[in-house]
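Let's start with one chain on its own, the form predicted on its own, as structure tokens.
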Amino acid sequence: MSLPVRDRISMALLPILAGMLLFIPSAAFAAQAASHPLADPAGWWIWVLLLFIFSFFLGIISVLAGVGGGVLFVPIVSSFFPFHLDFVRGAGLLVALSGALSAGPSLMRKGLADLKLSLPLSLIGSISSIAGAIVGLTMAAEKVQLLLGIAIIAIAAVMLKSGKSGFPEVKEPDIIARTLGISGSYYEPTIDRVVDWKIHKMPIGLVLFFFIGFIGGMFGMGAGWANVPVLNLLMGAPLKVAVATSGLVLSMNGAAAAWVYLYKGAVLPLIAVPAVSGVMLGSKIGAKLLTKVNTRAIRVIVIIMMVIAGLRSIMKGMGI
């Protein structure tokens, strides 16, 4: 059955409109780029190409270091690329969100990402991430840049000191975890047995996830750097369950905050598309290299990169 002429014209115009969405926003950051010593408003496409290349390598490094791409993307791109901070934060949320969404279904099928555990944490985190996004977009870019630098250096310190526990021992679940029936099991091939797990200290975890969601929404970063230690070291979830469930929580929190950035016009396809595509491609390569490189050395390099980006962000926020 053939479509009406009006519908056929509308479908034919879709690629044209998509192209306009991709290229017209160049004018939105041309003024911002003009103040950059290396920027040329007429050559905006060079920055887009550099963003894709950077995001590609970022995808590789983030997998090898075991951190989300958003926590590196926002401070580095906002410090060294001539894009407005609001657009970078909007793209950073999509970068973190895309990685979590791509891994979520397979982790749930394997029994690692637990829905019962993620839902209460996601509920409180989504509310705070929306609040954080609203607060971040109403503040002056210089103040957000300064706070971002401080937050990134603090995150680097947390990553440096945070330990890991493969199978924490939880003697008795707390009343909230017991009431909600939060527990589970999964097959662990390294020890060839089924691991049963439960959690405790749920009230403290909910409070911490509120602040984690707020920071993630405000700065447009993923929260894997904080989700995993809280789930693993505080609440007693096995490390693999903590990592997998962290991605599930991040996908819900990131989606909630992303709507605020979309509504405020802070998500530009010109920045988001090369960033997300580059990170996704790099992540696939990083996953293949994971067993062949020294991940501890990569993690140290990432922490050093975060400190440098954090200091640069502080200097930029202070107008230096």
Partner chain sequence: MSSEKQKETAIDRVQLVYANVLDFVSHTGMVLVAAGFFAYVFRLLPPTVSIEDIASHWHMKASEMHRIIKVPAGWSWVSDPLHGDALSYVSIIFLSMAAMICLTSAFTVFLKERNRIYTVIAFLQIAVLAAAVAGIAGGGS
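What you see is a predicted model; the values in this text were computed from it and never measured. Positions refer to the first chain, counted from 1.
Below, we turn to the form predicted together with its partner chain, even though it does not appear here.
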| item | value |
| --- | --- |
| Candidate from Val207, Ile150, Leu180, Val158 lying within 4.5 Å of its partner chain in the predicted bound form - any heavy atom | Leu180 |
| Listed residue (Pro120, Pro168, Pro229, Pro173) with a non-hydrogen atom within 4.5 angstroms of its partner chain in the predicted bound form | Pro120 |
| Region of this chain that lies against its partner chain in the predicted bound form, out of 150-158, 78-86, 210-218, 230-238 [heavy atom, 4.5 Å] | 78-86 |
| In the predicted bound form, Lys116 touching its partner chain (heavy atom, 4.5 Å) | yes |
| Contact of Leu262 with its partner chain in the predicted bound form (heavy atom, 4.5 Å) | yes |
| In the predicted bound form, Phe56 touching its partner chain (heavy atom, 4.5 Å) | no |
| 4.5 angstroms heavy atom contact with its partner chain in the predicted bound form for Val243 | no |
| Contacts with its partner chain in the predicted bound form, stretch 230-269 (heavy atom within 4.5 Å) | Leu248, Ser251, Met252, Ala255, Ala256, Ala258, Trp259, Val260, Leu262, Tyr263, Lys264, Gly265, Ala266, Val267, Leu268, Pro269 |
